[in-house]
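Take a look at this one chain, the form predicted on its own, written out in structure tokens.
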């Protein structure tokens, strides 16, 4: 599993609203891809297609193909729960569970168990329950990976609501990492955070790309320029331009991209 993504002719409708129009792009593994564009252009709709979160929205219809590691995730035979395990998501506002810091991380692994192996091609992977020590080790690993362990290790059984906003967002990242995904989606993860907390999240994103494919929706173009390897500009449901971040910001090929980057169109 390498976390590569290939999207072809993706169209999304919400009832009669054509929200995404023939979007095609390829996202490489271990890269940060920023999705930019004005409000309502389809950014969040696009990333929610990648882990089939749009499935839960009434009157939403999706056409086209999305291949993760060569596998079509819209295949009706695929296990949607497994898709969402493989593709973690962190939302705009921190949303910790009303549980302790430890239980926020331990909840999903305890629920789903550990994947051990499969019996061969086409067979279901074997799962078993984690031991208490394995859960504790996984919680510690996840919090360290999210650069939060040092700040919370002495209050693991305190409520997650006692953490600051930035700490809660890193807790949500640790919670997503605990189920061992391949891809991490971030939907404006810093919009509710102060500059110091934002800088910590950005540093974390850069560190995470060593092991994960990272996609971030952001309205902050400076943020995209700082952290992203590739940038995709969406406008009115269409993918206008996609390429290396430096090229998108310094020498955009499309007039619409240039107008947005320079602030002449929002």
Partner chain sequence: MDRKLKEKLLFLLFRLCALVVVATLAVLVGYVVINGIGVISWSFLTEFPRQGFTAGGIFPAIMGTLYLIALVLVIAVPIGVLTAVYVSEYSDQPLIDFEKVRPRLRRLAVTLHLRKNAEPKRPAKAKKLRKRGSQRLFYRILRIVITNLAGVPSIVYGLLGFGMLVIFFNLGMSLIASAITLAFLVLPLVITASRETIEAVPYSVREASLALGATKWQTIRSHVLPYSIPGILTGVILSISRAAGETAPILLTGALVLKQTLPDSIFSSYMALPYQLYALATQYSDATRPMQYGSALVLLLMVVGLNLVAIIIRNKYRKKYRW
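Positions refer to the first chain, counted from 1. Model, not experiment: these values are computed from the prediction.
From this point on, the text means the form predicted together with the partner chain, which you will not see here.
**Student:** For the three residues 145, 196 and 201, which mark the spot I'm curious about, does each lie within 4.5 Å of the partner chain in the predicted complex through at least one heavy atom?
**Tutor:** Looking in the predicted complex, the three residues 145, 196 and 201 all stay beyond 4.5 Å of the partner chain (heavy atoms).
**Student:** Does the 4.5 Å heavy atom contact test between residue 87 and the partner chain in the predicted complex come out positive?
**Tutor:** Answer yes; at least one heavy atom of residue 87 falls within 4.5 Å of the partner chain in the predicted complex.
**Student:** Does residue 206 reach the partner chain in the predicted complex, with heavy atoms at most 4.5 Å apart?
**Tutor:** Because no heavy atom of residue 206 falls inside 4.5 Å of the partner chain in the predicted complex, the answer is no.
**Student:** Does residue 53 reach the partner chain in the predicted complex, with heavy atoms at most 4.5 Å apart?
**Tutor:** Taking the distances in the predicted complex, the answer for residue 53 is yes, it comes within 4.5 Å of the partner chain.
**Student:** Does at least one non-hydrogen atom of residue 175 fall within 4.5 angstroms of the partner chain in the predicted complex?
**Tutor:** Because a heavy atom of residue 175 falls inside 4.5 Å of the partner chain in the predicted complex, the answer is yes.
**Student:** Tell me which stretch of 95-103, 147-155, 129-137, 67-75 has a heavy atom within 4.5 angstroms of the partner chain in the predicted complex.
**Tutor:** Result for this chain: 95-103.
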